[in-house]
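This document opens with one chain alone, in structure tokens, the form predicted alone.
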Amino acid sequence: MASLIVTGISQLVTPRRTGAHRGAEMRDLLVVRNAALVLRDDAIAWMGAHDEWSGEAEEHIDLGGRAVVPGLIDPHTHAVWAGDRLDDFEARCAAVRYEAILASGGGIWHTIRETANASCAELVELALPRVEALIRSGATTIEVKSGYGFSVEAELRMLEAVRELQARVPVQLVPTLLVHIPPTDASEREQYRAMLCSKLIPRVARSGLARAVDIFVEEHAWSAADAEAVLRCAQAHGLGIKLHAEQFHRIGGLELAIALGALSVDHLEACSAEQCKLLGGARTVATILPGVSLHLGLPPAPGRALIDAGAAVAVGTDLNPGSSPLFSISAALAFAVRLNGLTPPEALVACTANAAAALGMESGALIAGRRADFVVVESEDWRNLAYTLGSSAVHQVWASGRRVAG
């Protein structure tokens, strides 16, 4: 006896399997019309055409002819922070460059100061409505980074806030330790990096506060050589690795990600045609963040060229106060179509199976035996997720077999 049968599904649309989909594979979706989805507790027990189901269920829900897709996965957020960046926003609108704002003590440094002064409880209360907004937009798995703490104590406090958030939200949170920015005094960089490797990363690994370590490789942040030392330390402690790279400049971050077998390399607004080819032959997922291009006015990451080169492309919101105040993963999906050149099927895969792969997870598809995470689209055609702007195309969100939004 199943727990629940969901009928009235005009289209049940999903990647055919879990794991990274590369190149043309990103366009290959399973589409079942007039479908049913059968749940047993928190998992999918059966899925297919409604007229092929002959079993029984304790409860029946009719969606009234709406489409269903897998729960969306946001593989890149900075949802825990204190303070705001409205002064930065106004300065950028007056054509002040991001690097100049950072050099003057604004940007990330302003958020670091505000976050360091907040308690764990305060950080949880600030982050909760942001995570809830992502859930309403269709997210059933959300990565959340630290990186605004800077000191050992503040970074641990941010990760502890993510742990406390997990107890208050009905979806899965994936915590990541982000090594965001080095000291402004170059003479302190080596000492700070040594502290990361000798104190912070081991403590995070022992306490299970993060699954991976991320690092920002950029001219105003960390060098590729610095990043290699930090990421090899993370690997030695059993943690996955990820990189922010190629956002403004090409200084070796992408090549390092491939060489070390990183789960993902994120941003890629400055990624060259040759680098697209490199990612086409690598295991590392290319995570693109269209909200950054929209908010900062940067050239969009070359999503079309990456897919055509055979890369596995994921899409995230990069929800953060400075460069992407984007609180909707379904909006990120829609922007990836318009800004990065993805087709609607590619964008759906990028926000499901490939986003899961970018987090080192085997999920992101509707498959019998898997957790019942799915989104009910407002209309009968799932492509409204990619089409709709300014209004939510999400009718309901289900996580672990329970309706959590809508």
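All residue numbers are counted from 1 along the displayed sequence. If you're wondering where the values come from, they're calculated on a predicted model, not measured in any experiment.
There is also a form predicted in complex with N-(iminomethyl)-L-glutamic acid; it is not shown, and the following applies to it.
Shown alone, this chain has one stretch from 244-252, 163-171, 270-278, 326-334 that lies within 4.5 Å of N-(iminomethyl)-L-glutamic acid in the predicted bound form by heavy atoms: 244-252.
For the options Pro321, Pro175, Pro300, Pro182, the residue carrying a heavy atom within 4.5 angstroms of N-(iminomethyl)-L-glutamic acid in the predicted bound form is Pro321. Among the residues Arg85, Arg157, Arg130, Arg193, the one placing a heavy atom within 4.5 Å of N-(iminomethyl)-L-glutamic acid in the predicted bound form is Arg85.
In the predicted bound form, at least one heavy atom of Ile108 sits within 4.5 Å of a heavy atom of N-(iminomethyl)-L-glutamic acid. Although the partner is absent from this view, Phe150 stays clear of N-(iminomethyl)-L-glutamic acid in the predicted bound form, with no non-hydrogen atom inside 4.5 angstroms. Counting a residue when any of its non-hydrogen atoms is within 4.5 Å of N-(iminomethyl)-L-glutamic acid in the predicted bound form, there are no hits in 31-57.
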